[in-house]
Ligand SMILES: Cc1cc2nc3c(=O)[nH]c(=O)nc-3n(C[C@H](O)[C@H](O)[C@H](O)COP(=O)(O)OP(=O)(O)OC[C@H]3O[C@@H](n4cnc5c(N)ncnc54)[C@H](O)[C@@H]3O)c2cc1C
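Only one chain is included here, represented as structure tokens and corresponding to the form predicted on its own.
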Amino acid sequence: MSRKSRIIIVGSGIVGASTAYHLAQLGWKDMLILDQGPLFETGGSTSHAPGGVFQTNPSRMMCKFAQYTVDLLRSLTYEGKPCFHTVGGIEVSKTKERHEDLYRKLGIAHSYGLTDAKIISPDEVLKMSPFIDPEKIHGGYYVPTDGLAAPVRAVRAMAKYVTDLNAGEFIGDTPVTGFKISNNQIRGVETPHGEYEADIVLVSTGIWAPKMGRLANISLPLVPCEHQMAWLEPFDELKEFQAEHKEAQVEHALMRHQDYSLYFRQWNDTYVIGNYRHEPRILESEELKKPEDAEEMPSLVDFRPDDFAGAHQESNWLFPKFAEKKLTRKINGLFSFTLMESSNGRNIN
């Protein structure tokens, strides 16, 4: 098989789908989007991302990008369901120093257009996150328009927009095994199902990007890093949110506890604990297998209980009800982080 497209996008996670979506808005046609996994839960980071969107960032550009992301996701639906839950985001302060830092963030937010951001009291935090112990915190930094994305649903909505316009085609179960390059110009890609030609090839494969780069004899400064997430047993107080679907209903605010590099989010009738305070766990793209479904990819990496022990203890301290619940599901998910090489040749994030 051989066909010619204006652009081939390799990877149909949130980056690839969003690129196709925005190009379609600009009037592009004849786009081909390929993915090695099944559409649209392809097994990459999008398939198991926690979905938190905090808009405050010291970088004005990143803050504006995040604001645009919220506006875009709030405008999307798929099969009548939202692609974003505007439940608000709260960062709590365990120490006086952290609480002072929240006021610094408030100034940044107001100057970058997040004018609804404010500092709230422990009791106000409790109203939006009813399992927290308000006696443990000085207060919180609250942005009402922060919230939780439904990542795979958003990808489906973007892909539908592209295909409804006949602007492009999404093909799953089609791994790219090589690139056609002639005279330093890209000519297309090779797959087990044949060759596909294009004037432009965009790699948006996330955790597999370094492997794609090596296939094209270039270096892409990205690396797959493990990130811990654990689900608790259901809470009786959240019975109304019982659901089997992977992408959860949510009402409670998205929480961050930066004094311990933790976040917490409601997931249907339970909670997820996300932990960043552990040893950097870096993998090579070649170590990652082609996923058969979205649930298998995180299982490629064994959960490390020792890495999670401190996070679990701190979570139970801040949310006493968590201590009453066992962990029902634990994964070391994989996200793509930038990588640079220091002057002594060592790789650093």
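Heads up: residue numbers just count along the shown sequence, starting at 1. On a predicted model such as this, the values are computed, not experimentally measured, just so you know.
What comes next is about the form predicted in complex with the named molecule, which is not displayed.
- Taken together, the three residues Ile14, Gly44 and His48 all lie with some non-hydrogen atom within 4.5 angstroms of the named molecule in the predicted bound form.
- Across the options 318 to 326, 302 to 310, 31 to 39, 60 to 68, residues that bring heavy atoms within 4.5 Å of the named molecule in the predicted bound form belong to 31 to 39.
- Contact annotation: of the candidates Ser129, Ser93, Asn268, Thr174, the single residue with a non-hydrogen atom within 4.5 angstroms of the named molecule in the predicted bound form is Thr174.
- Within 4.5 Å of any heavy atom of the named molecule in the predicted bound form lies no heavy atom of Phe170.
- When the named molecule is considered in the predicted bound form, Tyr112 lies well away from it, no heavy atom lying within 4.5 Å.
- Taking the partner from the other structure, the named molecule in the predicted bound form has no heavy atom within 4.5 Å of any heavy atom of Tyr196.
- The named molecule in the predicted bound form comes within 4.5 Å of no heavy atom belonging to Ala24.
- Contacts with the named molecule in the predicted bound form, taken as any heavy atom within 4.5 Å, map within 209 to 237 to Met212, His227, Met229.
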